[in-house]
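First, one chain by itself: the form predicted alone, in structure tokens.
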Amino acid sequence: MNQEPRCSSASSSLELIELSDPSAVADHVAALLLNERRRRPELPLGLATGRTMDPIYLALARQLSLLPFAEGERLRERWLSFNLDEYVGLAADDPRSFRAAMMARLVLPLGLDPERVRLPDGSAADPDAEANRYRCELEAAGGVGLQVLGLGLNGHVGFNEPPCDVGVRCRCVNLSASTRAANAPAFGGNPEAVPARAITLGLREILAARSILLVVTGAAKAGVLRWILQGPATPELPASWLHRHRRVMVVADRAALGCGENG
């Protein structure tokens, strides 16, 4: 059985939830997502993709399936989410695209209407115009209620690569070599096969969310997470701008917090 979460104040602005392992993190975050849909159904969720998120969506599907039928159907019908980003140059049906990932890990397992799970169009002829269109679509929906974020090894959130100013908006960006290397497993292990550009929500849209969840698992993220928690905010660590937000919860496992078995 997973241990109870241990809470502490990571800083004046970040609340820290420490859990035992990625499975416990996934269960906790999935429960928070369901509670958010019940509490603020009028506002969309902000979602992410990646290895940290995959077990969360599995847990979400499992928890949703255990709800009474009427409640589960109500949550499905009222679902609305906006993803952080998408690769430029990949069609929606390309299995390496984030849209395909969301179809496989969220839409189909939860039985959602695909139109209620929004992502940028990576195959748009004009990526800059698409980024602007996506930003406007999110604004028209009222902005994000709860934004879920992963953490890149170089401190990025979304695809906001360092250095990154706090005021940047949704835009087309160039991906760093380290990000392409980290995402290479989905492209046959070849970083050169990872698209060089992506459309991403900016720090302005992320920090406009009513509340934020930063989810971090694994020892590989321990170093960068420590710098984020210690602050201060700096363009060299885009995730450190989260200190500017009033309601940020960091949900991390013991490995990401640098804790050994007896730590």
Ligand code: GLP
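All values derive from a computational prediction rather than experimental measurement. Quick note: we count residues from 1 along the sequence shown, nothing fancier.
Beyond what is shown, the protein has a form predicted in complex with the ligand; the following relates to that form.
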Seminar exercise, completed: The stretch from 226-234, 59-67, 204-212, 44-52 that lies within 4.5 Å of the ligand in the predicted bound form, judged by heavy atoms, is 44-52
Exercise. Counting only non-hydrogen atoms and a 4.5 angstroms cut-off, does residue 122 reach the ligand in the predicted bound form?
Worked result: no
Problem set entry | in the predicted bound form, residue 127 touching the ligand (heavy atom, 4.5 Å) | no
For this session: Decide whether residue 183 counts as a contact residue for the ligand in the predicted bound form under a heavy atom distance cut-off of 4.5 Å.
Result: yes
Exercise. Is residue 131 one of the residues lying within 4.5 Å of the ligand in the predicted bound form, judged by heavy atom distances?
Worked result: no
For this session: Quick one: name the residues from 120-153 with any non-hydrogen atom within 4.5 angstroms of the ligand in the predicted bound form.
Result: 150, 151, 152
